[in-house]
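Presented as structure tokens, the chain that follows is alone, the form predicted alone.
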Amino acid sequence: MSAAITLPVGVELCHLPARFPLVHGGELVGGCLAYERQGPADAPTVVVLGGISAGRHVSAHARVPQRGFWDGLVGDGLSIDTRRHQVLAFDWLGGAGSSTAPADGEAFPFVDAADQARALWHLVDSLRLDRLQAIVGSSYGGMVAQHVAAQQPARVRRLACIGAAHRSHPQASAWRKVQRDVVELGLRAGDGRAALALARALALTTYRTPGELRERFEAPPRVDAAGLHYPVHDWLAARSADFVQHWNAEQFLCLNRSIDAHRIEPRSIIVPTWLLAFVGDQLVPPSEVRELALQLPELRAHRELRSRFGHDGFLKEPVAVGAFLREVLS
């Protein structure tokens, strides 16, 4: 009797090799990559990769009308114009989408950004695409995009990295280590879900800037029988509760570690490259992106955008990010 799964509308599956070895040891057995396409099938392909919370659904389109993570940037007549380009995106291995990932309590091997890139190339080959017009990656997607370009540079025309450097900054690594410690402590205590919510709340505080949080939540605290309460606490609680509806602890640990392990030699990226950094980004400081820019053999542009949203500028600055993408694809 064969097992069957029901996939969401618009999702396609690519089966990885039966045994897919991983950079840091171990392997995925019978792994699958879930992906989504929009735009003309015969048009030049642009791969779009977002942060760890993003995935295959980039923007609303006829087959999948629900909102995506980049609705203002990808679509008919937008910066990544789906009348002129086929857009391809996938769910991360080890993450919360429909690709192979750990279930609750399941051990899972270490997945590096380079492993995500190799899986993407397997998908590209299965779709019989000779070359990619561009790879656009933001946050974790920018890290993966760098490995994609370095692995097969002759097959990539352009690379755009937004809010991503060639390595994890020690401060960001320190924050992520505390997040993992919180989750692992919760798992040992038998309450991984509550621990995951706490770790996500901590992560949220690193995505934004102090100025933006002050603007939104400057009301004074309330003290009552329940204790001390600031308006920002409601935001953290709501966003964390939403996150744990879609993620489990093991998936979070997998991709959190993957971000931390990211490191690539900039000189190995010989594809024409555009970089965008955000002044105020605490996770990927502009100084790190400048260092990457200085070492890239084929740098085409390096832009810095002042944003009160910090690292989340790639999600919250559609006008400026859209102008950058139009430059990349022009």
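Note that residue numbering follows the sequence shown and begins at 1. These figures come from a predicted structure and were not determined experimentally.
Same protein, other form: the form predicted in complex with another copy of the chain, not shown, and the subject of what follows.
Q: Name the single residue among D71, D125, D260, D76 that comes within 4.5 Å of another copy of the chain in the predicted complex, judging by heavy atoms.
A: None of the other options qualify; the answer is D260.
Q: Only one of D104, D181, D130, D242 comes within 4.5 Å of another copy of the chain in the predicted complex by heavy atoms, so just point that one out.
A: It is D181 that has a heavy atom within 4.5 Å of the partner.
Q: Please determine, with the chain shown alone, which of 86-94, 198-206, 117-125, 135-143 has non-hydrogen atoms within 4.5 Å of another copy of the chain in the predicted complex.
A: Result of the contact check: 198-206.
Q: R188 versus another copy of the chain, in the predicted complex: is there a non-hydrogen atom within 4.5 Å?
A: R188: yes, in contact with another copy of the chain in the predicted complex.
Q: Taking 4.5 angstroms as the cut-off for heavy atoms, does R167 touch another copy of the chain in the predicted complex?
A: Close contact exists here: in the predicted complex, R167 approaches another copy of the chain to within 4.5 Å, heavy atoms only.
Q: Quick one: is H24 in contact with another copy of the chain in the predicted complex, heavy atoms, 4.5 Å cut-off?
A: Yes, H24 lies within 4.5 Å of another copy of the chain in the predicted complex.
Q: How about S268: is it within 4.5 Å of another copy of the chain in the predicted complex, going by heavy atoms?
A: Answer no; every heavy atom of S268 is more than 4.5 Å from another copy of the chain in the predicted complex.
Q: Mind listing which residues of 212-244 have a heavy atom within 4.5 Å of another copy of the chain in the predicted complex?
A: Heavy-atom contacts within 4.5 Å come from L213, R214, F217, E218, A219, P220, P221, L228, Y230, V232, H233, L236.
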